[in-house]
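Coming up are structure 1 and structure 2: the same protein chain in two forms, each one given alone as structure tokens.
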Structure 1
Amino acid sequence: MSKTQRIALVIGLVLYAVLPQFLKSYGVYLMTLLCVYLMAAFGLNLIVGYAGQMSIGQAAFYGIGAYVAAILMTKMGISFWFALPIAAIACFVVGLALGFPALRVQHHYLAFATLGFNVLVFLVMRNEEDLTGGTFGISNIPRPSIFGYSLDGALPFFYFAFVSVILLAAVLWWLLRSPWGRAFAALRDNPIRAESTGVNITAYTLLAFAIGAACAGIGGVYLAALVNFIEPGQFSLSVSLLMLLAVIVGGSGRFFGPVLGSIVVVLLPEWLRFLQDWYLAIFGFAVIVLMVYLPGGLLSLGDRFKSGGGTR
């Protein structure tokens, strides 16, 4: 990261932290939702952008996280602070179990497997009424409190989610710069050379997939606490597809790509409300144009004008 980029990042974060003070509760809700969505999107970027695999099932993990937390908190009275790691670990384990067989056969099979998995998870959420509440979902999910300080209000919960997503991003940033993360750069640039220097491609990819799934699970827990109510429709296949498009539109394999992409799919439709259904229609066709002219995503626009200086 160059100095200017670092300054820009700090300014951006400060602005984002101050802005909700001037917004009504719906505005604060949207800004919180963006933070929550970003947790899952950062995870997806790890899978798509760094490990080079297509996942069309991120919403399934988002949903597993949300449902595990909601069930633990509402039906068993377990606190948020225990539900969070349990949900994350559950997603990590499920990610390993799904990714291990699917990644044995390279190519696009992880994409197919995650797609099928998402549909399956959706069916279970919708049909297992005893556990998941079926189409009625689960309501009255409580918000956590921290050191005795309640996070029920819109603003306190916003700051909680905001700090959490920064922490999550920091962990991922650190991971990608560790020797483990460096192996990805090697994989992406030259898989054969990487393998010959002892990088176990399958193991690395699998771990990336599971960590990405765990990130989505964490996001899901925050989502459940944010909206207090979850139902299967929030985690359908189309949600996964939109999230994948968000990461790619922003610039997959760029650390801040998901941020831009999530703004495009979470915040922009609200600002451009007058467009209604046309918004997604325009978005869909814009994706095609983008793929033809700028397959690296919006963030690669800068590189078009000056080479180097990217945040890859």
Structure 2
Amino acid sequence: MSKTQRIALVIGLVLYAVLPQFLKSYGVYLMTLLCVYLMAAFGLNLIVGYAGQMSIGQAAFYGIGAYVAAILMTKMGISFWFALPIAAIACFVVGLALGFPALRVQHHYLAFATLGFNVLVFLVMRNEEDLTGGTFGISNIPRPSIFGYSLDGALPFFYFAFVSVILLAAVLWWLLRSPWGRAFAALRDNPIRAESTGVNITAYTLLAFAIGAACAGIGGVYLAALVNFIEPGQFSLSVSLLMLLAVIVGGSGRFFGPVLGSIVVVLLPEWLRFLQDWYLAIFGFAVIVLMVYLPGGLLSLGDRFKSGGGTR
């Protein structure tokens, strides 16, 4: 990262931290939701952008994390701080298991496999009423406290989620610049060549799915605490598609791509609501234009100017 990029990053973080002070409660909620959404999007970018595995099932892990935490906190009285690692580990294990199809199928076949997994998890959430509450969901999910200080308020929870997503991003940044990250990139670019250089294809494919799933699970725990209520519709296939859209629109395989993509997916529709019945149509048209003229995502715009109009 260049010095200019580091300065821009610091300015962006400061502005994002200060802006909620001037917003009403719904604006603070949206900015908190963006932080939560980013946790899952960062994990999906690891799977799709860095490891080169197509997944349309990230919302399933998002939901598993949310439901595990909600059940533990509301039905068993377990603290948020214990429910969080339990949910992350549960998603890690399930992601590890889902990674096995990626060892046998690739590209659109793998996409359909993960799509089927998302549908399966959604049906379990909707139909297992004794465990998940079915369509009635789970309510009264508590927010955590830190050293006796409650995070029930909109602003305290925003700053909690904001710091959390920065810490998660820092861990992933370190991971992707470690030998593991280079192995993921080699796996994405050319699996056969990567294997010939000593990269364990099986281990790194499974690891990519597991870590990406754990990130989504963590995001799900924060979502449950944010909205205090969860139900199956929050984790449907459409949510997985929106997460994938966020990664691709921002720039798949670029670390900060999910940030810009999530802003487009989460905030842009809200900014367009003044258009009433037309806002979804204009949102869809804007996404199509972005994909046609910037197939490498928003972060490829700099490369386009450098190359005199070419795309990455």
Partner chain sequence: MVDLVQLIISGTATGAIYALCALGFTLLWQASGTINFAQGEFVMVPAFLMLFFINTAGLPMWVAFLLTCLVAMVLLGYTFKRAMVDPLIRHGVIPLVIATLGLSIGVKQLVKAGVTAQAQPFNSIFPDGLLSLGALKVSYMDVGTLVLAGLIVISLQTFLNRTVTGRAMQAVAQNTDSARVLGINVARMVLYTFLINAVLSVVAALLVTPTYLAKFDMGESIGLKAFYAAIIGGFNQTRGALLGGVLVGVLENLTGAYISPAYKEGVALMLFLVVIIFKPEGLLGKTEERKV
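When a residue number appears, read it as a position in the sequence of structure 1, where counting begins at 1. In this text, rigid core is short for the largest set of C-alphas that superpose within 1.5 Å between two forms. Keep in mind that what you see is a predicted model, and the values were worked out from it rather than measured.
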In this pair the form predicted in complex with the partner chain turns out to be structure 1
Core-aligned CA displacement of Phe285 at least 2 Å between structure 1 and structure 2: yes
task: Tell me, please, whether between structure 1 and structure 2 the C-alpha of Leu294 is shifted by 2 Å or more, with the rigid core used for superposition.
output: yes
Taking the rigid core as reference, the Cα of Arg193 travels between structure 1 and structure 2 a distance in Å of 3.0
